[in-house]
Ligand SMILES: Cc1cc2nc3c(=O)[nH]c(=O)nc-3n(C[C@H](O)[C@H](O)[C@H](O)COP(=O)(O)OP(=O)(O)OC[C@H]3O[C@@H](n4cnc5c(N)ncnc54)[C@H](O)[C@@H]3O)c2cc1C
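The chain below stands alone and is given in structure tokens; this is the form predicted on its own.
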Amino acid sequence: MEPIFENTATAFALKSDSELERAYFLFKMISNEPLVKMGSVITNFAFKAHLPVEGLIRATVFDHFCGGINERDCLPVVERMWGKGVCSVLDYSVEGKEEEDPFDSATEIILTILDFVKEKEAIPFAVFKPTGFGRFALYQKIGEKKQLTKDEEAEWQRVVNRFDKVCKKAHDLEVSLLIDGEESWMQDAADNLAEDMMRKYNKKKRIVFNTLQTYRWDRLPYLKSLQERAARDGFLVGMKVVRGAYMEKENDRAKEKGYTSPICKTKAETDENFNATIEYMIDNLDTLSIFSGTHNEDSCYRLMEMMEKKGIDKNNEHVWFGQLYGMSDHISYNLAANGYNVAKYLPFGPVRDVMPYLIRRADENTSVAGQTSRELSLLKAERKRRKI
């Protein structure tokens, strides 16, 4: 496969010199783990103390990794990326709520986004997190098959209704809908609910997509068993495939609780698991759709090679590549320039409410070996090309 990801002129074509410099500064900061941890503590303190820091955050880390504070605020970014053939997935990135009102508000926001998606070719998917629609502890209790109180049963029914309301609208509009993955100890309940939605709304098209976090060693067997049920019950399966986002938390909890960690023992095993899952899906593309969410160049090349070997068109509607906004532009824009389907996750929400997401993003960058250094090397190359 001809290498395409070194083309920094294509990768950073949308960045002005000042935006390029900001990106370089941010990734230099993120490469320093103690600085990231200290910055997270200071930022949390500043918000709790109601210090006037939102403007500074908005002008730096927020604008680099987020599209705006609401869906309309994101539209200039959406249109700019679409001009280069890169689609957007509007991601309402407010995390950690526990009350009912924010769950209802999140549902209404996703419903609004679905209308946006229907209108905009540049936005082919909508997305939501299961914990955007219900309490984490409730998913966990159901996954552990514990008895619910009457109040909890009513609460869970409201969660089911939120899922169904959103998935039904996606089905009626014929818009694809991604459901994000979360921690393993709540995921069983979310998986079962996502499967129920697929069974109901994926009869003719791949509308509902669940997520496989392949740093879990049990995800490919799960996918195969799901595929068997889909064949038996007559529905189609859409899956976003990622490596995963909660590794340290997963391993720490497994150690604390004394059970076998669900996480692969090595990075190499995770890579192998990710690639094997993608290969299985490519072999079953008649009933599966792939959203390959990865910042790993080798995995992208492998998927490209599989498509070429099997004679699958680059723009086949059932194969998508996805990356996060503000990261891996060398992958996204070069894939798009070569004719592949590409979408950037574009987080949005009020600055204060999106901070937990941004802090987690910074933590993940420091913990993924080579990710930040790769970003920096490409930014350096582009600065040199532009003679900045």
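In case it trips you up, residue 1 is the first one in the sequence shown, and so on. Fair warning: this is a prediction, and the values are worked out from it, not measured in the lab.
What follows is about the form predicted in complex with the named molecule, which we do not show.
Visitor: Is S88 part of the interface with the named molecule in the predicted complex - any heavy atom within 4.5 Å?
Guide: S88 lies outside the contact set for the named molecule.
Visitor: At the 4.5 Å heavy atom threshold, is P262 in contact with the named molecule in the predicted complex?
Guide: Residue-level check for P262: no, no contact with the named molecule.
Visitor: When the contact criterion is heavy atoms within 4.5 Å, does Y345 count as touching the named molecule in the predicted complex?
Guide: So Y345 counts as contacting the named molecule.
Visitor: I'd like to know if C167 sits close to the named molecule in the predicted complex, meaning any non-hydrogen atom pair within 4.5 angstroms.
Guide: No, C167 stays farther than 4.5 Å from the named molecule in the predicted complex.
Visitor: Exactly one residue in K240, R162, R302, R206 has a non-hydrogen atom within 4.5 Å of the named molecule in the predicted complex; which is it?
Guide: Looking at the other structure, the residue within range turns out to be K240.
Visitor: Could you work out which of S289, S93, T270, N202 is the residue within 4.5 angstroms of the named molecule in the predicted complex, going by heavy atoms?
Guide: Of the listed residues, the single hit is T270.
Visitor: Tell me the stretch among 318-326, 347-355, 54-62, 334-342 that has any heavy atom within 4.5 angstroms of the named molecule in the predicted complex.
Guide: Of the stretches listed, the one contacting the partner is 318-326.
Visitor: Which residues within 235-251 place at least one heavy atom within 4.5 Å of the named molecule in the predicted complex?
Guide: Going through 235-251 in order - heavy atoms within 4.5 Å of the named molecule in the predicted complex - the hits are K240, V242, R243, G244, A245, Y246, M247.
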